[in-house]
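Just one chain is shown here, as structure tokens, and it is the form predicted alone.
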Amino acid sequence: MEKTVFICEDTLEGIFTGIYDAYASRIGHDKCELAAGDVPLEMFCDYIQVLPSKEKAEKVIRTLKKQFGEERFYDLYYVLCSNREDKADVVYKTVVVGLSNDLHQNLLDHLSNPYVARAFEIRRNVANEVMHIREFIRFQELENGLLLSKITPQNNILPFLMPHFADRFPLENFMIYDENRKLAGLHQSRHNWCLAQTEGLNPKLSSSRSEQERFYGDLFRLFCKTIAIKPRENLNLQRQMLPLRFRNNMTEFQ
């Protein structure tokens, strides 16, 4: 059976626009597929390029919040911030299931449906990474007083980290930098936070730690080394509780 693939930008605005256009096409949800970013071409498929539209995206967001509520909307938001290639189609088909079955607040409870089950799985993966990095993140004070943290997450979780730390450090100037996406979360003291796409982090900036930061960094590493009990060392358990991929930017492992 021939299918139609709507190709959209791998952004929230792009994917929500794709959902709007797929619905508006009236081709039939079983004959439509939504793909974000670059996709391999297949035979017997029609491809439609979707141009992002702020107006269309806002209409979809309003509909999702009205039909499913704020909590379920943010569940879908978690899915769209993942690095999974099928996330756009999963959210599209999950929305179709929710609207056609009148699920409302119980959208992700309908796990017998493969698309809803996949959305639930992806949402859990992203939420777990947010929880882990929120616990393992380390800030370093630079010479100019800025608090800097570098992270390398698998998913685009910066939008979920920034509100948490803006609430915890309202009087601090800080930046959380996603090295994988070259995306910076910026917070100015007593102001709101924002996200900024960059070309890369200046190595001189990230290495210019304050004298006090160097002192306390050395002190913390010494503390971690001192409290370790060699005969009870269990590397497998350590990797289970603190995976290796989180350690590169943690003070105690530098």
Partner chain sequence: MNDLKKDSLTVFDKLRILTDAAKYDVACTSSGVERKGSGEGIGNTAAAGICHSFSADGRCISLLKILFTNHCIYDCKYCINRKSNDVERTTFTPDEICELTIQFYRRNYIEGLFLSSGIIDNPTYTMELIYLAIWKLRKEYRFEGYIHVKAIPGADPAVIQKLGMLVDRMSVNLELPTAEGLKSLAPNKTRQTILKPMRQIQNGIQNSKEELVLYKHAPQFVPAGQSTQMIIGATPESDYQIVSVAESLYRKFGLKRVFYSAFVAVNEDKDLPALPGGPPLLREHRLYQADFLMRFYGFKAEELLSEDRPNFNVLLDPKCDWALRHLEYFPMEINKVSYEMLLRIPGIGVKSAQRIVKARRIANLGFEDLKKIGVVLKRALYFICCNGRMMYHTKMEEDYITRNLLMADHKAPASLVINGQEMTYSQLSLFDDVRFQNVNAVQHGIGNDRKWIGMG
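Residue numbers count along the first chain shown, from 1. Nothing here was measured: the structure is a model prediction, and the numbers come from that model.
There is also a form predicted together with the partner chain; it is not shown, and the following applies to it.
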Could you check which residue among D46, D218, E42, D30 gets a heavy atom within 4.5 Å of the partner chain in the predicted bound form? D218
At 4.5 angstroms, heavy atoms only, are R124, R134 and E172 all close to the partner chain in the predicted bound form? yes
Tell me, yes or no, whether A24 is in contact with the partner chain in the predicted bound form, where a contact means a heavy atom of each within 4.5 Å. no
Heavy atom to heavy atom, is S100 within 4.5 Å of the partner chain in the predicted bound form? no
Tell me, yes or no, whether N106 is in contact with the partner chain in the predicted bound form, where a contact means a heavy atom of each within 4.5 Å. yes
A117 within 4.5 Å of the partner chain in the predicted bound form, heavy atoms: yes
In the predicted bound form, segment of 177-185, 74-82, 159-167, 87-95 with a heavy atom within 4.5 Å of the partner chain: 159-167
For 220-249: residues with a non-hydrogen atom within 4.5 angstroms of the partner chain in the predicted bound form? F220, L222, F223, C224, T226, I227, A228, I229, P231, R232, E233, N234, L235, L237, Q238, Q240, M241, L242
